[in-house]
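The chain below stands alone and is given in structure tokens; this is the form predicted alone.
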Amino acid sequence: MSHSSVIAATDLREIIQQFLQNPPSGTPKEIIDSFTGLDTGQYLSPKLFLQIVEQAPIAISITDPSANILYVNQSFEKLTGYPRLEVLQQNESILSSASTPVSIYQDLWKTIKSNRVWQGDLVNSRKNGEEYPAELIVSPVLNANGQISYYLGMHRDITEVHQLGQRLKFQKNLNEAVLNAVPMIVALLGSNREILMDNDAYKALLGDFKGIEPAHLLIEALEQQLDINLSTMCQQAEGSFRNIEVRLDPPNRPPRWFACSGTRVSELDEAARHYFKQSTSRCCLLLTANEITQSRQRLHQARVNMLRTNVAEQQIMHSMQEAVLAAIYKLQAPLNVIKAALAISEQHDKNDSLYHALEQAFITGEQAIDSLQAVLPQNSPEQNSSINMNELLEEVLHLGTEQLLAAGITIDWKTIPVLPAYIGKTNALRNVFKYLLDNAIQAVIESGHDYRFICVQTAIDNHELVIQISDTGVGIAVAHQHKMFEPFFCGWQHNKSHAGLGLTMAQEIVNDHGGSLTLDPDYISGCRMIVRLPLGEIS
């Protein structure tokens, strides 16, 4: 067929029918709707068909293989500003704009020349020079020999879509700028804990925690304190909380404290069935956190100073207890001998002067023991309370700062970031770990090694809180390991006048908490003491 200035209606119908036999993915719905009836088997006259194409709400053009325009519809005229007679036999490039990268045009021609449909966005130019963004589909129309006879082009003005997209980008950039300018940590979490949005302060915290999501740690700590999980927060109509303080322990770094607040945010369902009646598709949690580490550190230092005084008083009392118990222990041995001698003498002659002397000595010894027991300092009964074990261990380390510095010992702090609260006797457990730390310091000093380390490690294992204190000291000889928990056993070269009741008392306290205090027999670099405490309140 020869290319005329206006393509015949019958040919136009054939061209578009060929296109509609296999419309490309993404073809605008209004195009298909405009040609409704073509594939129904119902006969449409060329005149009626031309009217349908002419009145289609999308700009349609048909060109020869060189892109010379053979036909345009009314929407094309209205959109581009070019009258039909003015563009016929003109090249489609009259719509081209310098604002469209050359690479897009190159991709377009490469695609359609290979008999494939091209779809994409570019910038067109109207007759008056005004530019507009356009969504374009160009489809090759093949003849019976599989060669390209025509190109069918359809495009529409997407200025409103583009402007809306730009406004959304601006709003997104504005929101990000505001979020990043806020000094507090902000993160938006989905119900399955994925991070949907965060700010620069959050990203900085993420770096401090070496890639571990801080939001997950904060939520874990909050769930323990509030006794509620994230999904429950989302289900509640007023799922929010304010200024809940939590502690996190970054790897090998000082602890961090945060005051956290959370607000439930609902996302509207985008399904068509909810167009007129809004419904929630999912719930999110907007988590904000203000770091309060400095204020907590000041409170912590004041608390440590008070504890240092209390611990000094307790150590005096413990020294007195050890001294009195040691005296009782030393008196008990000869009294047992006297008691045995009295039992033997009683079988012979109670009137014997030796018997009376032994009897008097025994009575006097028992009176001395009673007197010592009467003056034995007694510990005040202590109630159970909620304990953050990381915080308690940190207090113990602060109490031993002077000893550690004087001995040149480095502390290796390997605690997990979030520990569940433990219910127990705070002062008693503090004394346990204070003794274990003092023990480790003494072992390192006596070793004389240049490599001086003490490692404090916490973990959760099978519903038990596990605390390990390891040192690079002299260790405990295999021959002494079975005696180390016996009263008054002391294996130090310099025992500092202690009677050797520390480990015995520590083991007793841990046992009272339903736990265990053991020596790791496989640790060969010094000594490792392991405390295991069951998670759950003790009686």
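In this text, rigid core is short for the largest set of C-alphas that superpose within 1.5 Å between two forms. All figures in this text were calculated on a predicted structure; none of them were measured in a lab. Numbers follow the displayed sequence, beginning with 1.
Another form exists, predicted together with a small molecule; not displayed. Remarks below refer to it.
Participant: Taking the partner as it appears in the model of the complex, which of 95-103, 412-420, 438-446, 297-305 has residues with heavy atoms within 4.5 Å of the small molecule?
Facilitator: Result for this chain: 95-103.
Participant: Please tell me whether any heavy atom belonging to residue 91 falls inside 4.5 Å of a heavy atom of the small molecule, as the geometry stands in the model of the complex.
Facilitator: Yes - in the model of the complex, heavy atoms of residue 91 and the small molecule come within 4.5 Å of each other.
Participant: In the model of the complex, does residue 470 come within 4.5 Å of the small molecule, counting heavy atoms only?
Facilitator: Residue 470 lies outside the contact set for the small molecule.
Participant: Residue-level contact is defined here as any heavy atom of the residue lying within 4.5 Å of the small molecule in the model of the complex; does residue 451 satisfy this criterion?
Facilitator: No, residue 451 is distant from the partner.
Participant: Contact with the small molecule in the model of the complex for residue 113, defined as at least one heavy atom pair within 4.5 Å: yes or no?
Facilitator: Yes, contact at 4.5 Å.
Participant: Quick one: of 124, 288, 75, 199, which gets a non-hydrogen atom within 4.5 angstroms of the small molecule in the model of the complex?
Facilitator: That would be 124.
Participant: By the heavy atom within 4.5 Å rule, which residue out of 87, 283, 152, 396 makes contact with the small molecule in the model of the complex?
Facilitator: Only one option qualifies, and that one is 152.
Participant: Is residue 453 displaced by at least 2 Å at its C-alpha between this form and the one not shown when the rigid core is overlaid?
Facilitator: Comparing the forms between this form and the one not shown, which are aligned on their rigid core, residue 453 does not shift its C-alpha by 2 Å or more.
Participant: After superposing the rigid core, is the C-alpha displacement of residue 334 2 Å or more between this form and the one not shown?
Facilitator: Not so; residue 334 is displaced by less than 2 Å.
Participant: If you line up the core, does residue 512 shift 2 angstroms or more at its C-alpha between this form and the one not shown?
Facilitator: It does not, since the residue 512 C-alpha is displaced less than 2 Å between this form and the one not shown after the core fit.
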